[in-house]
Each structure stands twice: as C-alpha cells, then as structure tokens.
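Next up is one chain by itself, shown in structure tokens, the form predicted alone.
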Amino acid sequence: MKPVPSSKQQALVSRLMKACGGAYSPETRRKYYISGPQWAAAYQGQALFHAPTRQPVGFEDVIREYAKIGIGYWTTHDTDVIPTEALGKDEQGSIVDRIGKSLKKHGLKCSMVTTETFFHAVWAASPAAESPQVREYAAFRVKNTVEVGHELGAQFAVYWPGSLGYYTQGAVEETETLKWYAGALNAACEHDIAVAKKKHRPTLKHCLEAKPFEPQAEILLPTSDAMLAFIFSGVLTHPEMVGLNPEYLHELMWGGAPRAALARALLAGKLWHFDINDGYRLKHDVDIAVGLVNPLDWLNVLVLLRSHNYNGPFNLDYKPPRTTSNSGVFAVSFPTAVDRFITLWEMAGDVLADPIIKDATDALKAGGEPVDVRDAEAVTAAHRELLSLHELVGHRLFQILIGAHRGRTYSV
C-alpha cells in the first residue's frame, strides 16, 4: 500500500469505520442510560510520563459531538469546566448557565457531577488533611458541587477521594482521617437537603468511588467493599443518601472480580451508579474502552445487572488512546464504545433467555435424587454428573458471545 497523505487519512478512517458495519443509530443509542464524561472526551493523552497528543476540547464541542453520536447524558468534574479560582463566584454562574443552554440546545441532560479532590496542590495531604483549613475548603468544594448539580438538573454526585491515603506509615492516624473525610460527605448531604428543599427537587444520590492503587502509596478506601464498610460504619450522618459508584477497572486492578464486587453492592442496596471501561489486572489505571480486553467478563457483568434490574447510569469513564486523533475521539472512540456496550447488553438478554443455560442452571438448583444429607459420599455421588454443567454454561456463554448460538461456525 502506498503512503497515505495526511489530507486523505480522515477519509480512510471514515471509510473503514463504515465498512465495519454493525453501528447503531443515534436514536437507538439514546434509549440506553449511557453517560459521557467531559473529562473522557477532553482527555489530551497526557500522563505521568507522556506529553499531550491532542488539542484541548471545550464543553460546547463535547456536548455537541455527544449529541451527534447519540449519547444522551453528560457528566463532569467541577474543575473540568470551571477554573478552580472561579468556583463559588460570579464566573461560575455564567459558565453553568452556558452549560445549561448548550445541553438544552443539543437535547442532552446532566446526569452526574463530581468534585475534583485529587489534582490540585491543595489536596497534597488529601481532602481529609490534618489542617482544618484544608478540610473546610473540601467542605466548600463538595457543597459547591451539590449546587452546580442542582442547577444543571443532575441526579447523582460522585466522590473519588483520590489522595485519601499516605506515602509514609505513621504520618496519619487512619481512623481520625476517615472521620475527617466523613465530615466532608456529611457537609455535602446536609447542604443537599437544604438546596433540594429550596429548589423543590429530590436530593442527589451521593456515590463513592474506590480505586485500589493510585495515586498515593497507601489508600484508605481502596475497594468498593471498603467503601461499603465506611458507609455502614456509623460516621455518616445520612448513610441512606450515600451509595456506590464502582468502576469496572478499579475492581479489576487489585485482582478482584468486578462481577462479585457488583453483587455485594447489589446485596447492600448501594449500587447506584457504574463507571464502565476495561483494562488489566494488577496494572495501573489504563482506562481502556469497554469490551476491548475482557468481553466475556463484561458479558457476565451485564447478565448480573440485567437479572437484578439495574437501571442506573453507565458512565463511559475511559480514556481514548493517545494514538487517537481529535477527530477520531468522536468518529471512532466514543461511537464504538457505545456500540460495544449496547451489543453486550443485548447479548446479556440472550443469555437470560437462553433455554440451554436455563435448563442447566435449573438442574443445578434442583440437585440430584434424594439421599441421606448426612452422608457426604452419597450427596457427592448424587450430584457428581450435574456439576459438569458449570463448564457447559461457560461454553454456552462463549457461544453467545461469538454468535455460535445462532449457527455461526468456521470451516477448518
């Protein structure tokens, strides 16, 4: 193949995207509760050891492009769109007004707002630092985000306490630090109650997001299970207002099973919001788009959520690769991520309706013929052959994933 001139490269990408086929229409995509973050689309490819590879993108452009794709909801950190120095001031009101008009113009809704409590130098010792002034500032930030959320009509507020931890053991007293962190959440909930009453709106759903490794050496709330324990520990004044926003990769990163973490959140009644992406176990936060690394695992996750009637948001919390161009972010990265999610979600419906899986799971639950339940050998023998159905179910899931259940085969 001859070298491709830069003037023809976009056309080539567009042609190959169309040749891929299988794309859903924007109207179909909007039927799913999929939200697109400002930070994901505006990510410039920078990282600790990497310079930016893309030009900046403002919220007007992101909202417009999401509308074209068919992403019906938009989410943001406070400082993704409002300069830190403008928070709580007149400039904030002007920016929020512009965001509201842009959302209305393009037919999107703001579903979630979140507070940046990890990037700025003020958070060097976490949002629950020893200094009372830092903690007062943290309370201001989360209360201010609540106000922004109500102004934009959001339903959810998410908190990732990214620097809640320490580099050096003994530098903090963990129980005290956790109580200080609870103080900020309590301030957010109390302020939410007051603002919601004033605006005649429901209160927001406040969702905690865990992450096991980064950026501190030791994290105080590294997993969704740790967050659940924190919610029910008695340090929150309104635990009924606080739930979870698990992230798929954050649960995978530490070697856990995302599906199992989601199941525990479901049992606790605290699975309110879900950040979707993909990646690798025991690695850093690469934030690859959903289904590109673990499609079978993702199918299983969505089977669980569909079977429990999860109806919360699926937030596209991933980073378009550094290799993707500005135009490619909206022409390739986001539409393909949305379409893979929709396909996997509908496949999960196939799994739940599949007669083979139903027969297998029904048989496993029914068990073998009656025997003396105090006789271990007899119980083992009564169920020995049925247990082969576990592997059969796994094979059937794979068949559904690749379309073999619809007759797709390969000639050899």
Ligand code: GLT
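Computed from a predicted structure; not experimentally measured. In case it trips you up, residue 1 is the first one in the sequence shown, and so on.
Here the subject shifts to the form predicted in complex with 5-thio-alpha-D-glucopyranose, a form of this protein not shown in this document.
- Three-residue candidate spot E209, E247 and K319; every residue lies within 4.5 angstroms of 5-thio-alpha-D-glucopyranose in the predicted bound form by at least one non-hydrogen atom.
- Here is the short version: of D285, D278, E147, D225, the single residue with a heavy atom within 4.5 Å of 5-thio-alpha-D-glucopyranose in the predicted bound form is D285.
- Put simply, of H191, K205, R340, H77 only one has a heavy atom within 4.5 Å of 5-thio-alpha-D-glucopyranose in the predicted bound form, and it is H77.
- Although the partner is absent here, F334 lies well away from 5-thio-alpha-D-glucopyranose in the predicted bound form, with no heavy atom inside 4.5 Å.
- In the predicted bound form, 5-thio-alpha-D-glucopyranose sits within 4.5 Å of a heavy atom of W39.
- Mapping the unseen interface onto this chain, T114 counts among the residues with a heavy atom inside 4.5 Å of 5-thio-alpha-D-glucopyranose in the predicted bound form.
- In the predicted bound form, none of the heavy atoms of Y137 sits within 4.5 Å of a heavy atom of 5-thio-alpha-D-glucopyranose.
- Screening 101-109, 175-183, 303-311, 114-122 for residues having heavy atoms within 4.5 Å of 5-thio-alpha-D-glucopyranose in the predicted bound form returns a single hit, 114-122.
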